[in-house]
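Next up is one chain by itself, shown in structure tokens, the form predicted on its own.
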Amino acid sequence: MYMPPRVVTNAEIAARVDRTEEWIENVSGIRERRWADPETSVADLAVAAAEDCLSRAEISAASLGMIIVASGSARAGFPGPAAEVAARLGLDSTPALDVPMASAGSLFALVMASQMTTHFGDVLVIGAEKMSAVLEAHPLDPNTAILFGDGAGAALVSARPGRWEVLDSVLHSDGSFRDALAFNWNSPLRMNGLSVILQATRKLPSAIEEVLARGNVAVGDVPVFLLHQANQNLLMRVAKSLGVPSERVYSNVGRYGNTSSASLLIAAAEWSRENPAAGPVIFSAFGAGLHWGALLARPRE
């Protein structure tokens, strides 16, 4: 993972959107977030997370068979950031794929990677977002400016033995709600907060229960749920819906804010550094589109 060094507190945001620090934390559970410098790009964040992941996996970039970069905040146009990331890792013929999806992008990329390892071998999945650029492209909206942060996470998906084994996954999309959360660089980020929270509260637990049922795994047997870090209230709603203690739904949103498609892999990277792999693990995300799903993994035996 990689987080920019600049910490943006609720006090700084509150002064810009005419709200109080307490109001921001009460409605989102967020106390601070990281914002990258103006000259830092999505590719810069992605490369930093990629290098951290490769170092932890103790492999070189030259062994990669494919790179997948998920980002909803990369600048419009082509090529996307994946080509630059591959070049900066020293690769000149390795396929590099962009997944231009907000919030759920890294989950979709993980699922695709798990299906591609038999052909491509080691697949590096990166979620990288510079949401501060999205926010500051237009006058700040109090309802969205309080939520988002920047950062990147990465995971190596391989046919070789690793820490976890992917067992199953489910993915879903419903374009009828595509206008509930949308952005283009010509106009401000649009978010129907009520619609998004209602849909996410229903769809995240449903996807998790679906993949657990397919794997014949009980909800109570899952020690940790690694979710897209949208806001603290949503994480608690998912825990309540699943009937699990809130501490089983990993949360770092209070420190990093909502980093869109980077958040799932940042949460997984941070949690995995602090905890042994014990019992099945759920990865799950929900985002603009609407796109959502869940992936079930277990410690490699």
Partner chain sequence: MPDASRRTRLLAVLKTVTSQPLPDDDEESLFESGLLDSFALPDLVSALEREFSIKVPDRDLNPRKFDSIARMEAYLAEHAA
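Residue numbers count along the first chain shown, from 1. These numbers come from a predicted model, not from an experiment.
Another form exists, predicted in complex with the partner chain; not displayed. Remarks below refer to it.
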note = Only one of 30 to 38, 235 to 243, 57 to 65, 257 to 265 sits within 4.5 Å of the partner chain in the predicted complex by heavy atom distance, namely 235 to 243
key: Three-residue site L194, L198 and K203 fully in contact with the partner chain in the predicted complex at 4.5 Å by heavy atom   = yes
ask   = Pick from T144, S169, N231, S158: which has a non-hydrogen atom within 4.5 Å of the partner chain in the predicted complex?
value = N231
key: Contact label in the predicted complex: F120 to the partner chain, heavy atom within 4.5 Å   = no
task = Spell out, yes or no, whether the shortest heavy atom distance between W164 and the partner chain in the predicted complex is within 4.5 Å.
result = no
ask   = What residues in 80 to 114 sit within 4.5 Å of the partner chain in the predicted complex, counting heavy atoms only?
value = none
